[in-house]
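Laid out below as structure tokens are two forms of one and the same protein chain, each shown alone and named structure 1 and structure 2.
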Structure 1
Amino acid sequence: MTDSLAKRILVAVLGWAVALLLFFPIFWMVLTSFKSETDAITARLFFQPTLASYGEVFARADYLAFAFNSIAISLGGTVLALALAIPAAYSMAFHPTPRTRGTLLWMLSTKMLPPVGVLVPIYLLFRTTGLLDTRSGLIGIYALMNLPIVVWMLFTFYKEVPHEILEAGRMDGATTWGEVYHLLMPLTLPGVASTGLLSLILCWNEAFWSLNLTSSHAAPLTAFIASFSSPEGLFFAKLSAASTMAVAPILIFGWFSQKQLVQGLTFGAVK
């Protein structure tokens, strides 16, 4: 066996090991959702499958209402983040100033701030403006939460576009909007799409703000999961069933869009 073949086998084995390690919690969650509460507590591997937990989850909460809130808030937050980030990234990439790099670093540094550190002022602001337990409030906070990452990603993609292409457009009379819409967007569409997909996933999985800024009307699926943790204790089978129902849509979506996501994230990496 040659060294190169042994190295490829080792890389493949390590890759499968990491993949299985990451997949196991999801597998165990789905498996537990088909158990009775007794089997779930004892962590039995072999058991009699049952749909009782799913039936109780549907009977206890309006899953479709929570799912609609998640879809509306995630899509709204993603669209708003892109609407704000595209002109910002365009300006920083093609019209930089001496403070551009510092501004980008400052934006990224805001992601290092624990959300709980600004919970009180955000809560008071939402209460004063009537945004508590509203979809529009969560859309705004989700968009601002992901804005630094979205701007950074778009800035990276835009920097890969030769400035000469936009200069040629200006010589042909293109306006700023024409440059962005007719030249920049088609050239960076894979990158913009992958940025939107990543923002959508982050919005869907966000739990901190949804649990603290909603109660019933605008609560997404993250709040739906939390509702199955009661003072009487943790009901693992029901909690697993609720979690499976909450993550299934984004897992299926991510599975079908993984090719576009990878292509977009690697856009411009190889010339």
Structure 2
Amino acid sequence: MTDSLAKRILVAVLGWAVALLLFFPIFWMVLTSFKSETDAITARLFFQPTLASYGEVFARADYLAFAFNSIAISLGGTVLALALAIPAAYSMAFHPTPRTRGTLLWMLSTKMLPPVGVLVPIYLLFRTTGLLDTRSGLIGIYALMNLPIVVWMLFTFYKEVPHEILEAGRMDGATTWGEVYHLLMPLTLPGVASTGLLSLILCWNEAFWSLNLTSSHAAPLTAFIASFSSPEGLFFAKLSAASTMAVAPILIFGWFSQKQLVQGLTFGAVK
């Protein structure tokens, strides 16, 4: 590259400015969470840090119960979606029929169905079947909600595995199971991981079904945080502390896994 120094400086300044700007609300939220309520309503950058807000949030709501629900529901929904999607994507990628393409597009179009469109019947069904405010109910919903996207992502990964490698495996004596276990799983593990990560993030952050189908027992962190949005939400420090607690696990998880996630987030759009 023969770029001038001026251009390189411009790129660096612009890049960092954009990054900091996008990140600023999160930074500010974390910062505010360590302020006292009186400091919180000032834009002060330097202050006496305190953990008082965290203490109050803990005292007011059972954070750990909400967090546990978030983890259980996100993991459960993701595992269930993967369990359904892996065989489906495998069969569509390696044993396509003339209907395969249509099936995939149809699956995606079900995802276009807005949840509100079916909120009422699902709510009533859940009420009748006793699934309201249960973790298993939400796990089922989340798995179904993400299934089309999960199938699609896995499908794009499986399509990238050269057929000849599986054929070589078959020549070498691999059974269907051996093919899946020895070849397909190791080859597509990065893809499955990145799909799972996306599903986890989507489940963790989902706020429509969790707000409408849970009340106390199965409520995840999205409900926890919604309870701070009432007028007393004006207590900025407490609000920030609660928000930080709701976001921190998935944010830190996301940072550490972002390389993995990015690899998979192409949906077949690249190459």
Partner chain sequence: MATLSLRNVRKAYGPVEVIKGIDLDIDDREFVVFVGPSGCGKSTLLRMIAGLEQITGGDLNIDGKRVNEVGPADRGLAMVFQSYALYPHMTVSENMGFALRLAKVPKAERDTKVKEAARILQLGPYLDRKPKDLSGGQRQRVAIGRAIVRAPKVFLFDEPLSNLDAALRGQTRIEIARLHEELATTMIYVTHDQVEAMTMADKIVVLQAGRVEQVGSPLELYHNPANIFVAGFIGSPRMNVIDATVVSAGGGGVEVRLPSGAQIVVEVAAGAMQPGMPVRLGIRPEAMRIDPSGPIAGEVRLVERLGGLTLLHLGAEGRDDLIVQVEGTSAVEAHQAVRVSADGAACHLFDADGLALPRLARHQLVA
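Residue positions are counted from 1 along structure 1's sequence. Each form is matched to the other, and the largest set of C-alpha atoms that superpose within 1.5 Å is called the rigid core. Predicted model only: the values in this text are computed from it and were never measured.
- Only structure 1 of the pair represents the form predicted on its own.
- With the core held fixed, the Cα of residue 249 is displaced between the two structures by less than 2 Å.
- Comparing the forms between the two structures, the C-alpha position of residue 185 differs by less than 2 angstroms, with the core used for superposition.
- After superposition on the rigid core, the Cα atom of residue 169 is displaced by 2 Å or more between the two structures.
- Superposed on the rigid core, the forms differ at residue 18: its CA is offset by 3.9 Å between the two structures.
- Per-residue C-alpha deviation between the two structures, core superposed: residue 39, 5.6 Å.
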